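Single chain ahead, written as structure tokens, the form predicted on its own.
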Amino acid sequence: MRFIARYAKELEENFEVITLYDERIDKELLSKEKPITQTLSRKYPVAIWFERKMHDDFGIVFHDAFDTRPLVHQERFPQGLHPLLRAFNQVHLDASKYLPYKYEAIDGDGVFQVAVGPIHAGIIEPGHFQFSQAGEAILHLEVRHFYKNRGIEKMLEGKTLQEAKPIIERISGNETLAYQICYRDIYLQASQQELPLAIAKRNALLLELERIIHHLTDLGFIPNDAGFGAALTFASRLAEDARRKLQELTGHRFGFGAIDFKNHSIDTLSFKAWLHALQKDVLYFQEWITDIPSLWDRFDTTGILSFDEAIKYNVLGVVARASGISQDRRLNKFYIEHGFKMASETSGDVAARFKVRLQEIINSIEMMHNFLQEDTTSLSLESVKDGEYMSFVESSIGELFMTIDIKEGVIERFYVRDPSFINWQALHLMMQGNIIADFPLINKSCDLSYAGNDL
């Protein structure tokens, strides 16, 4: 049974802890006076971040957890404050005494620690990577993020779905269309409406375009981190052309506001010509890059995540499919009818993740041809009904999960689990047996979001 997410909400008399699996949903009520429950981290290691977050947010204690350190609260966050409690209404916080964060570390003769981040030499979100090293060899890596918590869950409380949309679609810049489609599906559920096929096809086309943009970006940066900058130049040109195409279709380079329950006309002839040109360039890139043995010497057997490890850590998206797991939210009738084919590799290394991205770009181009349709169908938005709603979508990173509770017409509880929140926790498994110079290569091959990871 696959673990998907674990999160909490505050009720009038209790806390409710919800654990979501692919086969069922478990709900448990906890006393507010003594909110204690059993950890799931012994069976599902990735549950530990969910549980540490719930302790920071609500004060819930997880018995027998193997890690009880703060997750989203940094070293000077005021002790005893839990920002997702209803009673919490502080606008300004006074910093507490500095309490050092004790990193996981391996000790021994000749073993030393290397700290990378949280500030990096480039345009990148803050994230900290703590290495235990024996010379160049990586013995252990601990990932620590959550330096830019924006309070989105609290921010959305009391807002209507319409008011929340501009915030939701900006949570993670490389998944804006995916977040909007999750939001779209919840709005449809809450208003008890069906999405017209023409709009569903346009939305799917935009989602595949977003996937292509980010896969192309990765196909440039992965070889670049192995010392082959020509690939970055070539792939970046294709990614920029695709980004401009997204702006042409939606009015914004990141597609903000693109999912609006209307079907806007597309110049299909022009778009098909662009798709044909893109496919030609991608196939050329594939043939070119495949015929560089020195590059594949760096890719092959680097950053391996085995099938068993991938299952144990419930990884998602390209990371899962490169380790032999056939898991993709597009594996449904709608997508299959429009040409979806599951991309898969089994070696679980950088090479496998690179190959899966190439396969997915080629398949996305095929599906986009099939999604093209001249149609101006629109859907009138109806009022929403109170209730608890969930949605899923396969973003460029992996399975995105969102849930919204609506009460008296406004959001009572908002929670989203970005695929990166799970995949970041498996990154350390790919480091053993590699050298520290390969860390950027391995990290980039997973292409994880910092912003989506930290609400």
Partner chain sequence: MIKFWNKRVQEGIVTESKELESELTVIKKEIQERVTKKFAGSLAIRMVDSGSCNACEAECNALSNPYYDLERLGIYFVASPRHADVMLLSGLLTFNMTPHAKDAYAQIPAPKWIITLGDCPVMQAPFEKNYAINAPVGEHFHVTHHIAGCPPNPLEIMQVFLEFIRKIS
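Keep in mind that this is a model prediction, so the values were computed, not measured. Residue numbers count along the first chain shown, from 1.
Omitted here: the form predicted in complex with the partner chain. The next part is about that form.
168-176, 323-331, 346-354, 302-310: which one contacts the partner chain in the predicted complex at 4.5 Å, heavy atom to heavy atom?
-> So the stretch in question is 168-176.
Which one of D260, D241, E366, E142 is close to the partner chain in the predicted complex, taking close to mean a heavy atom within 4.5 Å?
-> Checked against the cut-off, the match is D241.
The partner chain isn't shown here, but in the predicted complex which of F77, W296, F271, Y335 has a heavy atom within 4.5 Å of it?
-> The residue in contact is F77.
Any of the heavy atoms of G339 lying within 4.5 Å of the partner chain in the predicted complex?
-> Contact with the partner chain, no.
Mark K245 yes when one of its heavy atoms lies within 4.5 Å of a heavy atom of the partner chain in the predicted complex, and no otherwise.
-> Heavy-atom contact with the partner chain at 4.5 Å: absent for K245.
Is there a heavy atom of K102 lying 4.5 Å or less from a heavy atom of the partner chain in the predicted complex?
-> No, K102 is distant from the partner.
Does E125 make contact with the partner chain in the predicted complex, using a 4.5 Å heavy atom cut-off?
-> E125 belongs to the contact set for the partner chain.
Are all three of F221, D281 and I292 close to the partner chain in the predicted complex, meaning a heavy atom of each within 4.5 Å?
-> Heavy-atom distance to the partner chain in the predicted complex: all three under 4.5 Å.
Any residue of 136-173 with a heavy atom within 4.5 Å of the partner chain in the predicted complex counts; write them all down in order.
-> Counting only heavy atoms within 4.5 Å of the partner chain in the predicted complex, the contacting residues of 136-173 are F146, Y147, K148, N149, R150, G151, I152, K154, M155, K159, P166, I167, R170, I171, S172, G173.
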